[in-house]
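Take a look at this single chain in C-alpha cells; it is the form predicted alone.
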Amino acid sequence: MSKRLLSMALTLMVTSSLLAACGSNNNASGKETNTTNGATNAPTNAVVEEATNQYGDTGGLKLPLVDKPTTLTWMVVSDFQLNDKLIAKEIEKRTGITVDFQSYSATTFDDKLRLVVASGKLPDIFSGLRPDELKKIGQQKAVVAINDYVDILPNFKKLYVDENPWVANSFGDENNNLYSWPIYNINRDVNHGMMYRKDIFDKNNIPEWTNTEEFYQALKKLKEIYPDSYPMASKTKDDIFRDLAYGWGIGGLSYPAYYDEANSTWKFAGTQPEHKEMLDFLKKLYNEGLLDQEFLTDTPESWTAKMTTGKSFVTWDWIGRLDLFYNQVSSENPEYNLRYGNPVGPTGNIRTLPRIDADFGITVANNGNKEAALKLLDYLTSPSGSQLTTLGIEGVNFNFDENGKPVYQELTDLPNVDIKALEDHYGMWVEGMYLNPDHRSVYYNFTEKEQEAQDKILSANKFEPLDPVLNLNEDEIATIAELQTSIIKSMNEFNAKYILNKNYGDKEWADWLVSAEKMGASKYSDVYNQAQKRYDANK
C-alpha cells in the first residue's frame, strides 16, 4: 500500500496538463474508448431484470450497466496481467463494460503514475494520489466529485451518504466534494497485540496476566526461572511507544496527536501524564532486566532469534506471527505455542481499526466515460460485486464447504490459498479494485490462534474509541509536517534517554515538557482542535 506518496509539488506541476486533458476521452494506453456518457438504460426491462437477478444483490443497480459496448481503462497495482483473467471477463459479462487493466507492480506503480498524471492522459479509473492531491486536481475538474452523481450510485449513497454521512465531512474538500471512492470494512477486528509463550507460562504455572501489575509479576517470575533471558522483546524500535500508547489511553491513528474523549480535546501524547506513566513502567522493566536491553535497536532477525530460542517470551506484533513462529521452529520444538495475550496498560484496550478508508485515492477521471466508471465502482461496492472480486463465482471457481468456507478446487494443490494466489489465478483481490470485501473470503480465514485473538478482544470489547477522522486543510498539513520533523525526533530521543538512563526522573520530565512546548507541542494539538471545530460545525 505504499503507492500513495506522490508529492504536492507533482500535483501543482501537472495541474495544467490535467486541465488541458480534462473532458477528453484519451487514456494512458492511447486507445480510443467509448465516448458515451456512460450507462443509461439497458435494451429492455426484461433483459435488465433477468441480468440483475442472476447475480445476486446489486444494491439497486441494474445490469448491464451500459447500453452499448464500453471500454474503460483502469490503472492498478498488480504483478499480473489481468485482462484475460476470470474476473475481468465476468465483469464484462455482467456489466457490459470491458475493462482494460493497466497493471504495474508495487515497485513501479508510483513512477508510472507520476508519468501518467504528468501527461494529463488519465486512465478512466486509477488510485494512488493522496486525498489532498485529489482534492486539488478535483477542484480543477480533472477528476469527478463523486457526490455529484449520487443519484445513480445506490451503493455509494447507502454506505457513504445515508449510513455514514460524516464521510464527506472527513474526506471531502471544503465544499464536502468527495474525489476518492472509499473502501468499506476491509480491516479485520484484531490484527496486532501482545503475545506470549503459553508453553513456557504453563510449564512454570504462570497464569496469563489480566492487568498491568500481573503482567509485571509474570515477567519477574520468568526472569527468576530464566535468569539469562529478557522476558519481553520488541522489534518495532521507537514505534513501541505508539503501539503501547493505546493501553495508556493516548494512542490514535494521528499519533502523537490523539483525541481525549473525556474532554473532547485533541492533545499531544508525548507530554501527557499518561505518557510519563508508560515510560516509568518501561523504565522499571528495563532496569530489572525484564525488557530486552536492545529493545530500541533490535532488528526483525535478532528479535526473531530471541523469540524462538527461549531468550524472550513476550512481545507485541501482528497476529500472523502466532503461526509463523510455530512453523519456523516446530520441527525442533513441537511444544512451541505463541498465543495472543491480554493488552497491557491501565485501559486494557487495543486500537480500533477504521471501517472506512479513503486513503487509497481511488478516483474517476472527468471524461466521457465517467458515469460508466462510477457505476462500475458502485457495482463492485455492492454485495454482488464484492463477492465477485474477493470471493469469486460460486459454482465456477469455488464452492463452499460444510463450514461455509470457500474451496477453490483448481488450487487444492497449493499449500496455502491466500489472496495473492487468488489474484494470480483469477484476478481477484487486486489493489484498488476491492471496495467492500466479502468477509467469507479466505482473507478472513483465521487459524485457531488468530481466531482466539479475535474472540478474546471482541468478547470483552477491549477497543479504544476511534478518533474522529479530521479533514486538515493545506496549511494545517504543512504545519504538521513542519513540526513533525523536529518534535517527534526529539520525543523519541527523550523517551530513550528516560528509560535507559537511571539518572533520568521527574526533573528531566519537567525539562522535556518545557522543551516540547518550545518545539510546538501545543501548536501541534491546536491544529487538530481547529480542524475539529470545523468538523463539528459541518455535522
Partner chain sequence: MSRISTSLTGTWQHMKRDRQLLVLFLPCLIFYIIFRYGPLFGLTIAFKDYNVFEGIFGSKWVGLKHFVKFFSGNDFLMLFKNTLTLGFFTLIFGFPIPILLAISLNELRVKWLKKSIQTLTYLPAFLSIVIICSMVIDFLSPNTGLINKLMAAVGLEKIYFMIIPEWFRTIYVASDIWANAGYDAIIYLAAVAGISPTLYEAAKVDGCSRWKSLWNITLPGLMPTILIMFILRTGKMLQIGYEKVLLLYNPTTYEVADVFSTYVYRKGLIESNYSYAAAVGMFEAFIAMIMLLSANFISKKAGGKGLW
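Residue numbers count along the first chain shown, from 1. The term rigid core refers to the maximal set of C-alpha atoms that superpose within 1.5 Å between the two forms. Predicted model, so just to flag it, every value in this text is computed and none were measured.
Just so it is clear, the following notes concern the form predicted in complex with its partner chain, a form of the same protein that is not shown.
> In the predicted bound form, do 204, 254 and 456 all put a heavy atom within 4.5 Å of its partner chain?
No: no residue has a heavy atom within 4.5 Å of the partner.
> Given that the partner is absent here, state which listed stretch (53-61, 485-493, 66-74, 506-514) has heavy atoms within 4.5 Å of its partner chain in the predicted bound form.
Correct option: 485-493.
> Can you pick out, from 90, 431, 199, 294, the residue that has a heavy atom within 4.5 Å of its partner chain in the predicted bound form?
The option sitting close enough to the partner is 294.
> Which residue, 269, 142, 422, 350, has a heavy atom that falls within 4.5 Å of its partner chain in the predicted bound form?
Result of the distance check: 142.
> Counting only non-hydrogen atoms and a 4.5 angstroms cut-off, does residue 414 reach its partner chain in the predicted bound form?
No, no contact at 4.5 Å.
> Does residue 120 make contact with its partner chain in the predicted bound form, using a 4.5 Å heavy atom cut-off?
Yes, residue 120 lies within 4.5 Å of its partner chain in the predicted bound form.
> Classify residue 502 as contacting or not contacting its partner chain in the predicted bound form by the rule of any non-hydrogen atom within 4.5 angstroms, answering yes or no.
No, residue 502 is distant from the partner.
> Please tell me whether any heavy atom belonging to residue 235 falls inside 4.5 Å of a heavy atom of its partner chain, as the geometry stands in the predicted bound form.
Residue-level check for residue 235: no, no contact with its partner chain.
> For a quick check, can you give me the residues of 519-535 that have a heavy atom within 4.5 Å of its partner chain in the predicted bound form?
Read in sequence order, the lone residue that approaches its partner chain (within 4.5 Å, in the predicted bound form) is 519.
> Residue 141: after superposing the rigid core, is there a C-alpha shift of 2 Å or more between this form and the one not shown?
For residue 141, whose C-alpha is compared between this form and the one not shown after core superposition, the shift is 2 Å or more.
> Core aligned, does the CA of residue 271 move at least 2 Å between this form and the one not shown?
Result for residue 271: no, shift under 2 Å.
> Examine residue 110 after superposing the rigid core and state whether its CA is displaced by 2 Å or more between this form and the one not shown.
Shift at residue 110: 2 Å or more after core fit.
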